[in-house]
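What follows is one chain in structure tokens, specifically the form predicted on its own.
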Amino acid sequence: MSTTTALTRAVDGLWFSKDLSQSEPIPEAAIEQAVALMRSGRLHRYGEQGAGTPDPSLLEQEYATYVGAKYCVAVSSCGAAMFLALKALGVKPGDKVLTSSFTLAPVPGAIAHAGAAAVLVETRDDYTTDLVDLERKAVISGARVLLLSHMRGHIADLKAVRDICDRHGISLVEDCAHTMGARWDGQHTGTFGRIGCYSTQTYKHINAGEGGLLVTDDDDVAAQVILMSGCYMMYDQHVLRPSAEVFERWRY
């Protein structure tokens, strides 16, 4: 039966019925805050007028604290976050990028938007990335980035993944669209590699309609992502931001 209809089945003699396509309602407090924001007129995240810190910057600060990252940058989607991650890591047209074969279109789409070529890594029967195939393709592909999907919440052994990447000089980018809030061995997904990318699309753990979050501990990555996502002057409106000297390295 399609997930666009109510699912009904017997489990231990009990009947379960739930429309899995129905998103959770927005809490009243959030609705009130959204209305207050609309009344203020300050809908763009950067602005030359208005007191106080822009709401997206407060979100960045709160989410970075939550996962234990140095920086968080809010962008338009998880797909955008992954594309920016690849660009910030120096992926150029024609480069190869390792990625999961069990994934969704925005992941290879981010690689395609960067002009790179996806090298698919096999998937195990438990729906996690095959680490034997990952090591083999890390050797033969020449790729310098792994864009790893934790698809449908199935998480590979991230310490083993990181060890493989470290041995072969590969930067790990985690697609955590399905694992916001999940941990591996007590550590948040998205914090094992250079960059973690999350989704706040309607059917994800935080419902913003559409949106994405990128986390990193790398000053240069954070500055590049802020610049490439559309901020060309008002860096100080990000509570979490690298120093002015880091922006100067990348602004042109």
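Computed from a prediction, not measured in an experiment: that's the story for all the values here. Counting begins at 1, following the sequence as shown.
Not pictured, yet referred to below: the form predicted together with a small molecule.
The partner is absent here, but in the model of the complex a heavy atom of M82, alone among V73, V121, M82, V145, sits within 4.5 Å of the small molecule. Contact with the small molecule in the model of the complex, judged by any heavy atom within 4.5 Å, is made by just one of L104, A112, I164, A182: L104.
By the criterion of a heavy atom within 4.5 Å, T216 is excluded from the residues contacting the small molecule in the model of the complex. Residue contact with the small molecule in the model of the complex: S77 places a heavy atom within 4.5 Å of it. Interface membership of H205, defined by any non-hydrogen atom within 4.5 Å of the small molecule in the model of the complex, is ruled out.
At a distance threshold of 4.5 angstroms between non-hydrogen atoms, A88 is out of contact with the small molecule in the model of the complex. With the partner left out here, the small molecule still marks one of 218 to 226, 197 to 205, 59 to 67, 34 to 42 in the model of the complex; by a 4.5 Å heavy atom cut-off that stretch is 197 to 205.
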